[in-house]
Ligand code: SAH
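The form predicted on its own is given below as one chain in structure tokens.
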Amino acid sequence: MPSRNATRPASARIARKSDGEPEVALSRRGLERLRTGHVWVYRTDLRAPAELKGGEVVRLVDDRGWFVGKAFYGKQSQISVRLLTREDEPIDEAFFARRLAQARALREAAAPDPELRHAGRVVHGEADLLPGLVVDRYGDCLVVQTLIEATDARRELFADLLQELWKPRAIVERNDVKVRAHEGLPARKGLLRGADPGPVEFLEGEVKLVADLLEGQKTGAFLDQAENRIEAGRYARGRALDCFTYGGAFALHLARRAETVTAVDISERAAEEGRRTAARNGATNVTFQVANAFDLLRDQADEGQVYDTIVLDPPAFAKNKASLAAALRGYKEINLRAFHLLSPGGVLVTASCSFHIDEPAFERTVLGAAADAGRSVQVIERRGAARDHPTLLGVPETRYLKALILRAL
């Protein structure tokens, strides 16, 4: 919905141009996209001044020149406009300070459990109306990603504001991600504030985990699955299998109640990290195996192996729309094998972090796998990312993680 200022006459609009922000005119399709709740407008749906270099704050107007909102402008990406506000307000240091404070207030309200206070996401980009900015906390350290031209140009400002608001021991920059290439930005990582924090230990429920903030995956760990890992641990029993384990976080939650856990990853480095983490937790009932999970699931199903608890947490199979069909086949394959391996009454925790596969498509794929395996399946829980990864209504891209906790009858 446009701002209440959108109905003001053109004379009022012209009087507001003194703020110096350039205007970007939206097409009818671009305007409708914002009106239905989205915060992105593509290059094909706007008209921008040729002199814009990228990274600016711009005023958005409709074809009559009426105010629609203010946004970050991107020169390189096909996503040229990322909405900041639907109000005609200054976009300055005080604006960003308020947005960061609002993001912090949400996390304090949404994570009341002590078991989730040691690490988590404190800024989730578009979902916090801070597009292109991701901030994760590990203990008393912060990790920052500035993923678009506008946030990258303001990374020192964001570092100052984060230092003032959170007073961390260190602020690490992890801008070594492929998505920055779409913005014409180089890969970069290092320290923005403080000294190298080294490995940071944190608690996730009753499990001790360690994040390497400069070298680990993502910003050091996969925080979006934190609540799902704790929940999976509550259902664990008997003989358990954790596929695509990476550093073993799911496996260690399972190990608290399961008799034995086999954790599988194709990377020897990931398996070795898992072994160290298991030792740190005194978990002697976990075995880490280096193998291709697809092959292992097929071979063990052929052997007639049986597990009481299985976790499938693969990397994103669908990187783009072109890979969608192959990704669905991959998800069906691993879930089919898991249903063959699952004992009567056994629990399967299965997840997809592929944005291009939405919840109905993922559930249909899992159902197809269950049907082909001849299993009737109860849905115990439908879950998504942890509460510190909020979603924004109208922006499906912010709801990328799907997880099902299932019981085979």
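Because the structure is predicted, anything quoted here is derived from the model rather than measured. From 1 onward, residues are counted along the sequence shown.
The form predicted in complex with the ligand is left out here; the points below concern that form.
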query: Among 247-255, 188-196, 121-129, 91-99, the region lying within 4.5 Å of the ligand in the predicted bound form by heavy atom distance; finding: 247-255
query: Non-hydrogen atom within 4.5 angstroms of the ligand in the predicted bound form for each of H38, I79 and E149; finding: no
query: Contact residue in the predicted bound form, from Q305, S267, Q163, T85 (heavy atom within 4.5 Å of the ligand); finding: S267
query: Selected contact from R174, R229, R337, R137, since only one has a non-hydrogen atom within 4.5 angstroms of the ligand in the predicted bound form; finding: R229
query: Non-hydrogen atom contact A293 with the ligand in the predicted bound form at 4.5 angstroms; finding: yes
query: Touches the ligand in the predicted bound form: F222 (any heavy atom, 4.5 Å); finding: yes
query: Proximity of P315 to the ligand in the predicted bound form, heavy atoms at 4.5 Å; finding: yes
query: 4.5 Å heavy atom contact, Q217 to the ligand in the predicted bound form; finding: yes
